[in-house]
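Both blocks below hold the same protein chain, though in two forms, and each is given as structure tokens: structure 1 and structure 2.
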Structure 1
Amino acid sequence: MPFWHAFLRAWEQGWHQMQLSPLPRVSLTPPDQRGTLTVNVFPLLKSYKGDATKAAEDVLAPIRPYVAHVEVIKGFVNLSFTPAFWVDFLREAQKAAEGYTRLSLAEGARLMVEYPSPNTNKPLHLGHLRNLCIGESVSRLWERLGAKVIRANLVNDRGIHISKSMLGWKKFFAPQTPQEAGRKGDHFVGDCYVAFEKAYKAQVEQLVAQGMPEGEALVKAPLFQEAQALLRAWEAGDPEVLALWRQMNSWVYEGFEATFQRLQVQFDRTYYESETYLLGKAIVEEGLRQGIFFREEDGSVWADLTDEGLGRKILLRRDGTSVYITQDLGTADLKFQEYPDLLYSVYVIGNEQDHHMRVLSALLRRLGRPWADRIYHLSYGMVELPTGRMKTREGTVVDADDLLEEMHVRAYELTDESMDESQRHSIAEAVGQGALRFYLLRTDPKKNIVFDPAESIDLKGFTGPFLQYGYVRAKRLLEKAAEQGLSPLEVSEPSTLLPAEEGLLQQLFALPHFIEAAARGFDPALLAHYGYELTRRFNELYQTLPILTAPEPQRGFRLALSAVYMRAIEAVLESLAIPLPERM
């Protein structure tokens, strides 16, 4: 039995042979109506003189042996499949991954997905976790379409923010090391940055109190002047500054790696802005020679994008130091030099950088880069806490490590006390991360979210643990069946389908559609919602109908339904990078 995409292609070929035009549109039947698929025959009604029933007969002709029930509602045709169709589907879905949980729609395509692009002046925080979850899930979704995905991480290891953390260490922490302070390396460097910002803020407030305008005070504060001097010394290659920079970055990288390992995230390519900013400077010089950019009297270099509604953009400061867009030009160029066949170069970056990314694409187009339109900004909203927005400068950010530990503790409290400690902690880690990841993915990436740890771990809500529990429940059911010598592959055809069975079948059949939609839309939330509805329907079957104690053929049919559900929910959880616990 062909799955979603193959089934629709074969159906469409039948329409071509019948010379139907224009072709109808097929979608899932709305939840409040009976049926599995709905066909929109409105476009055909003119040629059928308004006779929707006759149009429906012809539209359904290529698949008529599979159709059990038809309902025509104005220009829409709702159809249900026969038990025989579903028996074949359940058998094939258990045996074949290709076409069901894994597709070949993007076979041969290559994408690069860049995430989480951290700064080396602070630890990863809750916002980075949303970035990581989105980036990893999008990568896995495209891999399920058959694409080759390069996971890239751009490390923001240079710039004024790095100078601030270096100066913070020199002023307030030297000669202490993370080990001496008893702090994880990235957290220690983050402490240095926060200490700088607090002292800098006090200097600005003092200058403002003395009558200086705030804008002027921000750049004339002594600490800021020192940080700027440190940045210039770094770009000039000062050995002492470079040595401190390397030392502090090594502390941060060690901390990042520990967090990445806990999250089971690995990158295929890592870029460093300290290397790509020089490439960007060369591109700016290229733009100057071509007259695309211009130099002001003070020596700064600019691009004028006002005709595109993007205003003027500085590319090099008057002292010759580069800005973010400079190094981004260099990195973008390097990516396509290394991988010229990229279908997309995806940037998972927060929506506060929407304007920046539009400017980057506009600059690349003006520079004549043929791949400029293959840059895709996967823009996502901010994560806030019930107490309000996080602020790095004020030290009110929720560190990723602290949150992961909190979720572990919350999940541990839900585990069975009769299990040994090692197993309890293993399950707690899987459930804690599942709760966190699902909560960060269940909302359209473009929207802001408020993260509530207590809500995220509710076993009965719209949560990751709800899906994980459905998976574990189905797994245990199949284990019990195996103990009784029952095989889900031995499927017999029931005489009728009950609503709970048909509802779950409809959802199972739609899995490939949702995998494709979530991948091409760069929106894991679509699959998160699908997984929740899938598990809700499985629970309805499990709780209202007997399975192992049912007579044949219902027992074999429902057992096969449970097996395909487990395969489908496993694909959903793995695509969302949610761990599969052994028990709960």
Structure 2
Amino acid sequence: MPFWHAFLRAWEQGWHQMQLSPLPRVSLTPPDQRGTLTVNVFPLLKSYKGDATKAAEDVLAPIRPYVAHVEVIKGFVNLSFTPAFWVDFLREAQKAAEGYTRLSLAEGARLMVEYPSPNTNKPLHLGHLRNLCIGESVSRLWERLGAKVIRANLVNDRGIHISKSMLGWKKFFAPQTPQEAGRKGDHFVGDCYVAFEKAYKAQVEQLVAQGMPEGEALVKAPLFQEAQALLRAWEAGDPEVLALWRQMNSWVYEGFEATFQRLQVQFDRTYYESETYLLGKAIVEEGLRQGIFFREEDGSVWADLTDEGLGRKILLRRDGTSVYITQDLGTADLKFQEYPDLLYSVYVIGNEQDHHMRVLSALLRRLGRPWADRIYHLSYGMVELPTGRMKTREGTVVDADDLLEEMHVRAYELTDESMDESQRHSIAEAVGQGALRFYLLRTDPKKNIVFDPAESIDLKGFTGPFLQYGYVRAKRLLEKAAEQGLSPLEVSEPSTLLPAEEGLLQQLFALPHFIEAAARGFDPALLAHYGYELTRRFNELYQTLPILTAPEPQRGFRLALSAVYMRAIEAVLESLAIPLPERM
């Protein structure tokens, strides 16, 4: 019994031999209808003179031996499989990961996934967590298709924002270190940045009060002038500035590393903008020589993309320093120098940068980079609060470390008191993160999501712990079975199937389809919904029917069903980067 892809391929081959045209579409039968698969024969009805029954007969011919029951409603052909088919499926799915939980659809391909690419002037927040969850899940999904994935982090370690936190430290914190302040490094540097912004804002307000227009005040404020001077000194290689810059970045990296470790993410390659902005400048020079870009009289360099509706874009400032897009050009180039065969160079970046990424693509195309169309912007929506965007100034930013801790504490309260402390904490961590990660993945990445801190994140219903609980249930059940000397590989064939059994089988059968769709669509939410529905059906079976105490052949069949469910949910959770708790 071949799995999903092979099954459909074989079926289609049969249609080709019969010269059936156009090829009908196969999908899962909706839950309110009887059946496992549905073939839509509407498009065929013309050539069959409206005779859907005759069309159904032909369409089903190649898989006839597997079919137990057929129902034709209008143009929909709903079919159920025979128990023998399912027994075969349960045996095979237990034996082979290949084709079931692991596919070879992208074997040999290589992808780079860039995430979460933080700035080094602030700690990570809830938005970064969404980014991390999406980036990690998409990476794992493509690995499941057989691709090799390079996880890349691009650190925005230079620019005016870094100068600001440096100045903030010099003016308000020096010579204190994070250790002395009792602060995690990234939080400490964040404090410096906030202190700067506060003082800067005060200066601007003062200037405005003196009658200066705000736009001018923003630039003329002494603190801003100082920050710009610092940036120039940095770009000129001033040793003292560089030393402070290195010191402060190392504090931040230490803090980031702790958070990444807690989230179990590791990068294969870390790019630093401080190392790629010069490459970018060289590319701008290249474009100038080729006449793709032009230099204004004041010395600034531009690209004119108005014919593509993207306006004019500055590439180098009047003073010759680089802007964000400059280093992006350099980094994009470097990626393909290092990995020329990338199928996709994926950027997991918020949708506020849709325009920016479109500009980047356009520039690379104009520069004649043959791989320009292989960069893919995985644009995701903002995480908002019920009151709107998170704002640093209003102190409404939901800090990543704080939230992880809060989730841990809330999950801990639900753990069984009879367990020892270390086990309770390890489960609390798994479940807390499971809830958080599922919450951030269950919505279509491109949509904005609303996070209500007051209501916080659910631990029941359509949540990560729901899936984790199903996994733990199945695991314990199989352990019990093993203790009784029962093997789920000894699948016995029932004469009929109950709806609870058939519903779960149908969902299990479709696993490879959802893995592929989620990977190719860069959409983990698809798999999150699948995993919920899968577990809901397992729970229904578990709750309403006996398994270990059922008579044969039901016992063997349901045990095998549980074993395959466990495999499937394991694959789902792993693909969503949701931890597997040993118990709950």
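In this text, rigid core is short for the largest set of C-alphas that superpose within 1.5 Å between two forms. Since the structure is predicted, the reported quantities are computational estimates derived from the model, not experimental observations. When a residue number appears, read it as a position in the sequence of structure 1, where counting begins at 1.
Remark: structure 1 matches the stated condition (the form predicted on its own). The rigid-core alignment places the CA of K46 2 Å or more apart between structures 1 and 2.
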